[in-house]
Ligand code: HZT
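We begin with a single chain expressed as structure tokens, specifically the form predicted alone.
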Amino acid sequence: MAPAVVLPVEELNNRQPEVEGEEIDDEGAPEEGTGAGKKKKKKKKSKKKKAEQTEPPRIPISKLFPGGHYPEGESVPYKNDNTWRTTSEEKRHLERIQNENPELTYEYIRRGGEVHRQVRRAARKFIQPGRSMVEIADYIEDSVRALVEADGLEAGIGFPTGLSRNHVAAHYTPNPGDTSKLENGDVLKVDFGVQVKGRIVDSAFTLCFDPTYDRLLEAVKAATNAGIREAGIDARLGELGGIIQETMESYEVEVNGKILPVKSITNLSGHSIGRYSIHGGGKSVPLIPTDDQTKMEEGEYFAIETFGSTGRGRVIESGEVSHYAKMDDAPHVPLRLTSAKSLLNTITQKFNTLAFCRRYLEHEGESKYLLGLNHLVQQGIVQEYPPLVDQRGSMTAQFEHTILLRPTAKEVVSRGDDY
């Protein structure tokens, strides 16, 4: 491991407070050993040392914000029939009450948002062709654990770090023993989460090292921003899908002289986020128009997540499974395998309903767990999530942010100056 290099945190977070030194004139205090009329010396206050982050990131966020108040994400006023919320004294009062309630406080999710911003800025510099997928995943996850001060279910990683490449749109993370490496021609989706007290911040971005696919990335980023712009209290989910698709499919990509339309991936979607459940709440934000008249509601969290493709625009499950999660309504069934009983105890204590992967089991000291894990899947206690892939040869991209529908405004919790 390379030695830690200290970098000014403003390279990582331009909202970090800074205090400059200032000159103070000590009027009325005569210079020592002189008469009252002598010229006074000017003294300088010592400069307050700027908060710093390391490379790789290892200083906990709580040390950079010792007051326990973390930066807000992008705060956006509501539109149309909800503009009154911004100035409503009743809604302002409700928001103050919520922010003082330990179970509802926005500081939990903002702490996760700040961890995400600092880790991903460092990860963007670290991720380069030639690095192994395990190396990239470890860099991100070790950084998250350090900055959030991982402590079991109290705080930690929100779900396995997605590092899906090319035609694989989602649900790939390297399993133990994976030796694959990032290549120059890859289009890499980087999707990771941070949880504090079960409040999950879910955000993703895409990197490519060949300008051929820059327009694909632009299309997906624009579609995500369109979804964020139109999301809000009372927004209908089916209508949001239409806005997302219209934006996404206004782009084209030229590959080897051939013009390819960018397509919304029709069977993927954004989603509401529950406590300790990345897809909790039961609501989906489609990427195409639907007849779903369900509305977004005050107090909800959503991952506005869009996927674009140069292929068929539809994914199927294919490949080795790496993502798992204990079911919310897991049945109570007798387990005949001792290894399955022991593994279930570890999963419940360390992850509960948070998604996990095989590398996380090994991080918790588990070994020879595959038989027990497969038994838990067969019994319907744990669900597996295979990779989601479009047609081979196509390219897919993803951008995502977490939004919080506060009483007075919509907050894009994970927004930073990088995207």
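Since the structure is predicted, the reported quantities are computational estimates derived from the model, not experimental observations. One-based numbering along the sequence shown.
Absent from the display: the form predicted together with the ligand. The rest refers to it.
For the ligand in the predicted bound form, the listed stretch (140 to 148, 264 to 272, 177 to 185, 82 to 90) containing residues with heavy atoms inside 4.5 Å is 264 to 272. With a 4.5 Å cutoff on heavy atoms, residue 355 counts as touching the ligand in the predicted bound form. Using a 4.5 angstroms threshold between heavy atoms, residue 215 stays clear of the ligand in the predicted bound form. None of the heavy atoms of residue 134 is located within 4.5 Å of the ligand in the predicted bound form. Of the heavy atoms in residue 323, some are within 4.5 Å of the ligand in the predicted bound form. No residue in the set 70, 301 and 411 has a non-hydrogen atom no more than 4.5 Å from the ligand in the predicted bound form.
Only one of 206, 247, 284, 118 comes within 4.5 Å of the ligand in the predicted bound form through a heavy atom, and that residue is 284. Residue-level contacts in the predicted bound form: of 221, 167, 110, 279, one residue has a heavy atom within 4.5 Å of the ligand, and it is 279. Along 171 to 200, residues 171, 191 each place a heavy atom within 4.5 Å of the ligand in the predicted bound form.
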